[in-house]
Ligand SMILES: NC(=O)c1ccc[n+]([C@@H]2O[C@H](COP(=O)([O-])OP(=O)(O)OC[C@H]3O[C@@H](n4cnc5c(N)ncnc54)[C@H](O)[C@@H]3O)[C@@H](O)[C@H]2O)c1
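First comes one chain, alone, set out as structure tokens in the form predicted on its own.
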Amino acid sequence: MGKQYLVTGAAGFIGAAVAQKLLEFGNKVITIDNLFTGKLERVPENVELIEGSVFDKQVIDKLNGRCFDAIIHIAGQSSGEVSFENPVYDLQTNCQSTLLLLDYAQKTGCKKFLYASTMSVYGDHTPPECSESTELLPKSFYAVGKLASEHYMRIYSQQFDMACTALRLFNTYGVGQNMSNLKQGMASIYLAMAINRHIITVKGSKDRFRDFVYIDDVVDAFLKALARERGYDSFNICTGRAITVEQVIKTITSRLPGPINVTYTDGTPGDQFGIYGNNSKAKDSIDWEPHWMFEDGMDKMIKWAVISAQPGSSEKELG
């Protein structure tokens, strides 16, 4: 018999993919999404949608006290750059929302809480490899909010015997990513620019680097983390491989026809120069490891993006 899950943000890239996979296993999924950056057509069929912001208690109240087998909190503002433009909104979406959902979980008897945290909590380090024990030096309001949510989860886990899991997602990319948001998702930003404008504008150095993890591997991490029964813990969801901005651009331009002009401008506030993750803890504790190489993931993403950019194509069907 299937279980019942709350997956916030199922109109977005990661939330939609997680919700779809849970449905495929015969579960019931409910979502809350304000559709600010998510798209209604991305919400999987048979997912019950409550439209509104997760940081609004009146929206949370629309759940009517239903008890979930787990709450998977993915909704939130996901750009370090945007967090400097509106830090209060960032705090509400990434921090206040977590507190409200943790409170709801505690009051309704939900014993499992999963959270989409971020590699941004680490900041920059030398050497650049980061494990879960690496010092946390957030450089953006976005990262501060995510880290605060991790601490709220730790305390709720200790006080109310909940299994709380923070997945520190490194740069997630792949089929279904929001190609219209040019302030979040390095691979999708450059790919959208290349397809739509034949120009890629890079904010910062070409030598910056990221650890890119494909969407299917991220979904698998959430499913594996559902098996945790007690306590709080955090896990790097990453490949352990550094990919430079220059490599990302070369991967895109080599797979698209025609000339694509690349220009460089100043960087954005709070942008990390580059880190990559150590994923041995996730391998040992939740039996998770990545399967997609960056080049293979980008091949699939680029083919999808090119087709979906054509007039009359259905993004939902393609994704």
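The first residue of the sequence shown is number 1, and the count goes up from there. Everything quoted here is computed from the prediction, not taken from an experiment.
Omitted from view is the form predicted together with the ligand, to which the following refers.
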For the ligand in the predicted bound form, the stretch among 243 to 251, 150 to 158, 226 to 234, 170 to 178 with residues bearing a heavy atom within 4.5 Å is 170 to 178
Looking in the predicted bound form, is the ligand within 4.5 angstroms of a heavy atom from every one of Leu191, Phe294 and Ser308? no
Is there a heavy atom of Phe113 no more than 4.5 Å from a heavy atom of the ligand in the predicted bound form? no
Please check if Met298 has a heavy atom lying within 4.5 Å of any heavy atom of the ligand in the predicted bound form. no
Look up in the predicted bound form whether Ser140 has a non-hydrogen atom within 4.5 angstroms of the ligand, and give yes or no. no
Does Asn196 reach the ligand in the predicted bound form, with heavy atoms at most 4.5 Å apart? no
Given a 4.5 Å distance limit between heavy atoms, list every residue of 47 to 79 close to the ligand in the predicted bound form, or none if there are none. Gly52, Ser53, Val54, Phe55, Ile74, Ala75, Gly76, Gln77, Ser78
